[in-house]
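First, one chain by itself: the form predicted alone, in structure tokens.
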Amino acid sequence: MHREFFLKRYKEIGGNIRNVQPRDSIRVNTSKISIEALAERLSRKGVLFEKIQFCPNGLYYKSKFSLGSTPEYLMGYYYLQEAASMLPVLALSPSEKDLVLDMCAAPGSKTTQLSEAMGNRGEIIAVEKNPGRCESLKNNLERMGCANVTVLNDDVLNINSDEIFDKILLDAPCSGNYAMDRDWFEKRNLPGIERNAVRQKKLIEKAYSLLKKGGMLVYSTCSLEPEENEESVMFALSLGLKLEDSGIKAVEPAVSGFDGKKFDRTMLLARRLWPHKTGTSGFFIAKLRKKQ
């Protein structure tokens, strides 16, 4: 029953889906090694590479062995990262002068990407409330050589400082999507999605309070559900944030309406990645600026 429910809604907003296995991919840590030098090293071991067109440091790969077991991996030359998840940091585009908050940081794929994008300068506060996941985050930051990150083991909703961050990344806890888990349809239902959406709105409200006027928030999920994406962004707009062009090309815009609801006309500036159209995991990305 769950499968039929989701397939029906996806057909309404994204077309007829099909099962997709996202391609294996890595993000090269160019603060330690060039893309060409890493590709040459791993090619000698029989690894085949193809450039990810939408991510400058991203490579699809094929390998007969795990790329999580190489000396290059242990030295922090790359991060095993799904291609679509590289896009939120590109949309945020942090600089070496920024104070950045990563609200839900573990295990660190995007935190380490933020650090690399900032040239290991500026400052990143990476928040993770789960102690075990916090240790994974710290290990990845050390492996990747991230020197500009402070880790805070706490619920980000407990942070009380007002309007201090230049940029915030909220890669929100969400329902995931069918390309990530073969049993996804059996595990998910609408009440669970609605519970996630309540939590996401609380996180957006907290992000708004922590963001400087004129500052930038990138909100992303690996969910395909409108309740967790477009409707969450509509809540963000009601607080005083406005959508801007994410700079992400060659993927579809967010949906303009759903289930009888019409979304703000600027919603088309947000982006959706459908697995059956992109060959990636599902993803949603919105770039929002706090009004002056």
Partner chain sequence: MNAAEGNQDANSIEGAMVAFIQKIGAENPEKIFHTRIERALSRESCSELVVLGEEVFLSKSSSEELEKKIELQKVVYCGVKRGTIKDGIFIPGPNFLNDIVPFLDELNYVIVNERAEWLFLCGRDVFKEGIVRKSLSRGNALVLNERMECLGYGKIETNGSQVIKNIFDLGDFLRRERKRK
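Positions refer to the first chain, counted from 1. As the structure is a computational prediction, the values presented were derived from the model and not from experiment.
Missing here is the form predicted together with its partner chain; even so, the following discussion is about that form.
- Heavy atoms of no residue among 79, 191 and 198 are located within 4.5 Å of its partner chain in the model of the complex.
- Within this chain, residue 41 lines the site of its partner chain in the model of the complex, having a heavy atom no more than 4.5 Å away.
- Interface membership of residue 167, defined by any non-hydrogen atom within 4.5 Å of its partner chain in the model of the complex, is ruled out.
- At least one heavy atom of residue 136 is located within 4.5 Å of its partner chain in the model of the complex.
- When its partner chain is considered in the model of the complex, residue 205 lies well away from it, no heavy atom lying within 4.5 Å.
- Figure note: of the listed segments 178 to 186, 218 to 226, 81 to 89, 146 to 154, the one touching its partner chain in the model of the complex, with heavy atoms no more than 4.5 Å away, is 146 to 154.
- Applying a 4.5 Å heavy atom cutoff to its partner chain in the model of the complex picks out 68, 69, 71, 73, 74, 75, 77 from 56 to 89, in order along the sequence.
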